[in-house]
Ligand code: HEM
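Only one chain is shown below, in structure tokens, and it's the form predicted on its own.
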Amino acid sequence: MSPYFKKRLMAAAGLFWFSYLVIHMLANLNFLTGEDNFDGFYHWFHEAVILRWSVIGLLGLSIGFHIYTALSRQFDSNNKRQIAYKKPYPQAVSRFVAWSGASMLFAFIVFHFVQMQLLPTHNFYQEVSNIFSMPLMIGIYALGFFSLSTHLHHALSSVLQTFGLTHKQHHGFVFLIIFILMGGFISVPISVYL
């Protein structure tokens, strides 16, 4: 499989996750409309067992494929480089930062998934309110949102470049998308904490 094809497949898996994030953010905004709307949606989703586990399964497969492709591309790149860089320090720092951010994001996704699966299902609104009334949870979610926004910035810019869109205006569009998405996610804990 060519590196270019791998990159396109990786971008497609990432776009699937991005689509889910948009839907997840819109569903979470129901929290701002009151307990009945929020609980109503999540009770429906929880009881739609086939739909819920199909979504979870597809997300699991796509993130697994995304991670596998990213790692294999990195190993291919390392193995094909015949001569090491004379000054690898700046690149090593950016690579370390990129992989640390991706690892932190993956840890946050796993944490969030497990936490949400362990919640009692009778009152989601109250459970989410309890979570975001704890400063520790605010800190964990702030780190998660930060790692998500930095990963999205890199990912969306790369996707645009992969599909031939590299103009500076597109980078402004990426910032706008991330700002709207993060604003939607952050509005829930802020509404609880304030």
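Only the largest set of C-alpha atoms that superpose within 1.5 Å between the two forms is called the rigid core. Sequential numbering from 1, following the sequence displayed. Every value quoted in this text rests on a predicted model; they were computed, and no experiment measured them.
One more form of this protein exists, namely the form predicted together with the named molecule; it is left out here, but the text below deals with it.
Student: Would F18, S157 and Q161 all count as contacting the named molecule in the predicted bound form, using a 4.5 Å heavy atom cut-off?
Tutor: Judged in the predicted bound form, none of F18, S157 and Q161 sits within 4.5 Å of the named molecule.
Student: Does any heavy atom of V128 come within 4.5 Å of a heavy atom of the named molecule in the predicted bound form?
Tutor: Result yes; V128 sits at the interface with the named molecule in the predicted bound form.
Student: Report whether the minimum heavy atom distance between H24 and the named molecule in the predicted bound form is within 4.5 Å.
Tutor: Contact with the named molecule, yes.
Student: Should H153 be classed as touching the named molecule in the predicted bound form when contacts are defined as heavy atoms within 4.5 Å?
Tutor: No - in the predicted bound form, heavy atoms of H153 and the named molecule never come within 4.5 Å of each other.
Student: Using heavy atoms and a 4.5 Å limit, would one call L59 a contact residue for the named molecule in the predicted bound form?
Tutor: Because a heavy atom of L59 falls inside 4.5 Å of the named molecule in the predicted bound form, the answer is yes.
Student: Within 4.5 Å of the named molecule in the predicted bound form, counting any non-hydrogen atom, which residues from 24-40 show up?
Tutor: Going through 24-40 in order - heavy atoms within 4.5 Å of the named molecule in the predicted bound form - the hits are H24, N28, F38.
Student: Once the core is aligned, please say if the CA of T121 is shifted by at least 2 angstroms between this form and the one not shown.
Tutor: Result for T121: yes, a 2 Å-plus shift.
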